[in-house]
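Single chain ahead, by itself, as structure tokens, in the form predicted on its own.
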Amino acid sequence: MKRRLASLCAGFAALSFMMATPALAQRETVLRVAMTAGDIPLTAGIPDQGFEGWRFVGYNLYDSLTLWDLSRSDVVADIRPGLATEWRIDPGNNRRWLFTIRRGVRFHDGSPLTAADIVWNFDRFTKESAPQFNARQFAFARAYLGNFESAEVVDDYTVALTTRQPDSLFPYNVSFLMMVSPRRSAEVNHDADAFARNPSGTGPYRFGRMVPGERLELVRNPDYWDQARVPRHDRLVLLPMPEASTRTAALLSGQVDWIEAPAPDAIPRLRSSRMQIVTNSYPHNWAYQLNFVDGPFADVRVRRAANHALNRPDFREMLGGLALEGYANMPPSTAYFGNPRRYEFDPARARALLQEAGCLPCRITLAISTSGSGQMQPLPMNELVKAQLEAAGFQVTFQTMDWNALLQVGREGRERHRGVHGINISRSLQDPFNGMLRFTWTAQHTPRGSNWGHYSNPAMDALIDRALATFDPAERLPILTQIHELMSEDAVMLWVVHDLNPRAMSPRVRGFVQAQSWFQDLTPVTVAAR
């Protein structure tokens, strides 16, 4: 009897295991990410919260005509085909770009992508009379569409985008313009807030659910047009955590699997707990854009004094080595770095320049943020900047605000903020336009573009016009190099460091390739079971 009972129990156990095994095999895999953002990025197309919004929401829910190739860690990322399979300049008109639209792409709501949808999206960004026009998306897109003139359907799978003047770099700018579903927009009567609560794009993830202020959940899109980038986990959970110490504690406690920008002093503890720390160089700077019209930085001697006042190795040491010293706008690995003027630490020289400019003490006000994407460790870094500037003869006042508020100051420009002499918005510099031209071109003065402080130099404008009219990359390279060198000569920013993009991950996370880009691809990432 006992043997029969034991045999029966063993049978039940085997049956239970067989029934449980499929369930285990189908257990949902979840990647939980703690962002530096103070809130969930906007889900209605182009996101807010700076480029962290693009990184985690924009390029996951949506696609653009061109995308970034994030598949390698050993080269600086460049653009690749996205919703457009190819692009070329019209041989009869060097202001007209022709984009071939990818066939077989569907939005998450099932509607097919055609050329008409692309033009509809450009009207959403730019045409106030269009029912789908979205003023907020216009504000976010404006910096990339300063040279845009019109969009037209050539046929079902060809779009023509015309610029106001020849623009050899225009394909870079369309990479920042997310394409949303016209059908879903019409379903909600083009209500932007309603669309954001139930968005539809073409990206590798679909919208799952959102708890405002707490979390955004995206789910794997098994029908993604690029089958090589169908996510290898089922759900991506994005959590805003602006405090570095909170992110670290969340990773150590198992609340999340991945954190952005760990605090340098937490790195040894994270490593001792078997967490992975990854870094890579990429085109990025942590700097101040300056006001060239109102206040002391209108004088190049004051701008050069500020650059000579900083001892950049101190910042690298403060950051635990997770940064490169920044003496110019682009990092030295950039193809068009050239031979820029180098502003070595020389406080005596800085004081002499201030004396010569008649600005001693030199009172300046800088707008800074408490956190934000790419802002690294903004509060202690700004305190060190203030101490070193004041040691050389400046008198620094901070206007401290949250990240989105500082970005709004950046979009509005110096005319709305005449009492601010510099803004500390870190920048991703992944292409020549976004790395240099948007800060130095007169046509990019805010609010039309990103030239916040209204820098203007006829020699610079002439170089930029030549670069934009030169479609051969080899012929364009020396012109771009001259632009970079002139940026340094004119000290158009106060440069501090280049970021190394540190992040920490649980040992359960596998498959991540850290691209030399601000943007990163999460789709290859796997998460092992606990």
Partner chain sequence: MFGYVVRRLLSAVPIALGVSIVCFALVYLAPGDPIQTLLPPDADAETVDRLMRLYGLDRPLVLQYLDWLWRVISGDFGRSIANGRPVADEIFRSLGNTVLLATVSVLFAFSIAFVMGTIAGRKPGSWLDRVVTGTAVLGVSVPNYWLGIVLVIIFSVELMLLPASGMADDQFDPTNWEHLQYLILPAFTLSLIPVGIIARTTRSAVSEVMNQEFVVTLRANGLPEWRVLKHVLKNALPPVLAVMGLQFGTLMGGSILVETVFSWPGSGFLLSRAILTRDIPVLQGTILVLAMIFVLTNLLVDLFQSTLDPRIRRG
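Just so you know, these numbers come straight off a predicted model, no measurement behind them. Residue numbers count along the first chain shown, from 1.
We do not show the form predicted in complex with its partner chain, though everything after this point is about it.
Engineer: Tell me the stretch among 238 to 246, 166 to 174, 291 to 299, 378 to 386 that has any heavy atom within 4.5 angstroms of its partner chain in the predicted complex.
Structural biologist: It is 238 to 246 that comes within 4.5 Å of the partner.
Engineer: Mark D156 yes when one of its heavy atoms lies within 4.5 Å of a heavy atom of its partner chain in the predicted complex, and no otherwise.
Structural biologist: Outside the cut-off, so no.
Engineer: Considering non-hydrogen atoms and a 4.5 Å limit, does its partner chain approach F138 in the predicted complex?
Structural biologist: Flag for F138 set to yes.
Engineer: At the 4.5 Å heavy atom threshold, is S428 in contact with its partner chain in the predicted complex?
Structural biologist: Flag for S428 set to yes.
Engineer: Given that the partner is absent here, does P502 sit within 4.5 Å of its partner chain in the predicted complex, heavy atoms only?
Structural biologist: No, no contact at 4.5 Å.
Engineer: Among the candidate residues A77, V396, A367, A250, which is the single one with a non-hydrogen atom no more than 4.5 Å from its partner chain in the predicted complex?
Structural biologist: Exactly one residue meets the criterion: A250.
Engineer: May I ask you to choose, among G254, P222, G110, P91, the residue with a heavy atom within 4.5 Å of its partner chain in the predicted complex?
Structural biologist: None of the other options qualify; the answer is G254.
Engineer: For the stretch 201 to 219, which residues lie within 4.5 Å of its partner chain in the predicted complex by non-hydrogen atom distance?
Structural biologist: The stretch touches the partner through R209, V211, P212, G213, E214, R215.
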